[in-house]
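Take a look at this single chain in structure tokens; it is the form predicted alone.
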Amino acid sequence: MGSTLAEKLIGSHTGTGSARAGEIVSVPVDRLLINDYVGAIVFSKLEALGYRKVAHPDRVFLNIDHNLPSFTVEAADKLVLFREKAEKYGLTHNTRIGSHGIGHQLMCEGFVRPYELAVGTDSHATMYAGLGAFSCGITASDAVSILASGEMWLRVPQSLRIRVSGALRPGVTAKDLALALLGVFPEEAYIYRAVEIVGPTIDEMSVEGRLVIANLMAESGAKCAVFEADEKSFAYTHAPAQPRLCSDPDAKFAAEAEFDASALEPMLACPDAVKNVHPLRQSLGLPVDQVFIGSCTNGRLEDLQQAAEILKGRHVAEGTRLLVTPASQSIALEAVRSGLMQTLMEAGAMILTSSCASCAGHGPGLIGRGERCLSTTNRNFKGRMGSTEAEVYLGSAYAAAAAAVTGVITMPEDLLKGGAE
């Protein structure tokens, strides 16, 4: 019997060179992200165990992104803690103001490479799969083990496979596809499974688009997503090209499905669950108080370009505010160089520094009671972005920009065609 892509990626890191679904294996970790949310816990546990050094300091990335720049003493103390631990353990990859950003994005900007095993102390570490890596979120205890030994154990997941074909319509994006894919299988089918996403639509998609899908797959309950690495993957990561790794023709999957992307329309995750996904047209006309474009899901250059297509020559509606948060400083800089930032600001957008901002409810841009936000982020639980009496809808950058211009939830294609102002 052949191997799935997930089995091959994990198997390449085992001593035997192979792995089978259901096996528990110990594997070396190529890349580890520790964020400010759990950093203090990780290092306190490491030191309580008596460890004075880290197994592979060059494989660790310490990043502060939830409260940046620090606007509480507690947040400032975390920055001090990370600076002290970086010096103590020789960790050279860490937050530097001026080249900062959301940790998951920075992991993809020249740190994680295809076929590596990369993990992070945050559930959306599934995103690195968009590069062709095996990636998943881990606990603080897992991070301690990796710091101490360079390895972690995991149970090799069974795989689901979704083959996506068909061209996306104008105004339909990887975010719409990602939301739709959350419902391809019954909810329980995703639990601790690797979701292999392949097909001509994925091959044609940019790496940035694949990152969106891999990121949002964390919301399915799956262990991870897996994507085949191609020439785009190696070019994006500046890594030497390698032969394409795919599942064997006789590999065993827990379930398989076909998805026709050509029939897909703009989608929204409606309050108060990410899987509460419906066509955007069902929410047309709902007033929107805030629009947020950013996060590790949709804060990349491609997203800013999509927003600018709609915002150029238009202005944010009276009574609606638009917040834009590039996922990294390098993305913000490129947006300045390309003129995108000028387009966004002329339209009335407020530009925030590269961070998680209000996505996790810790940073600037929170929403108040009775307000409605259309966001490009990855979670819309009650109270996630502010008041428990507010509503959050999740959609693409196109959908967000369309709502910002009209002040209500609007079909993006109407504005892409040069329709209503």
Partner chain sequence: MNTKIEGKCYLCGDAVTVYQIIPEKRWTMNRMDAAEMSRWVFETMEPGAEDVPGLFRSLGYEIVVAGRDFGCGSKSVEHPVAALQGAGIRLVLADSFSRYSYRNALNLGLPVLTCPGILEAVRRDDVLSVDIRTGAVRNLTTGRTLQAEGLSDFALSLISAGGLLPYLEKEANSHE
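Positions refer to the first chain, counted from 1. Treat the numbers as computed from the prediction; the structure is a model and nothing was measured.
Absent from the display: the form predicted in complex with its partner chain. The rest refers to it.
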Single option in V288, A332, I138, L280 placed near its partner chain in the predicted bound form, where near means a heavy atom within 4.5 Å: I138
Listed residue that, although its partner chain is not shown, lies within 4.5 Å of it in the predicted bound form (heavy atoms), from E228, E302, E309, D142: D142
Exercise: A118 in contact with its partner chain in the predicted bound form, heavy atom 4.5 Å: no
Contact of K223 with its partner chain in the predicted bound form (heavy atom, 4.5 Å): yes
In the predicted bound form, K88 touching its partner chain (heavy atom, 4.5 Å): no
V38: touches its partner chain in the predicted bound form, heavy atom cutoff 4.5 angstroms: yes
Listed range touching its partner chain, judged in the predicted bound form by heavy atoms within 4.5 Å, from 151-159, 167-175, 313-321, 94-102: 151-159
Residues of 190-210 having any heavy atom within 4.5 Å of its partner chain in the predicted bound form, listed in sequence order: I191, Y192
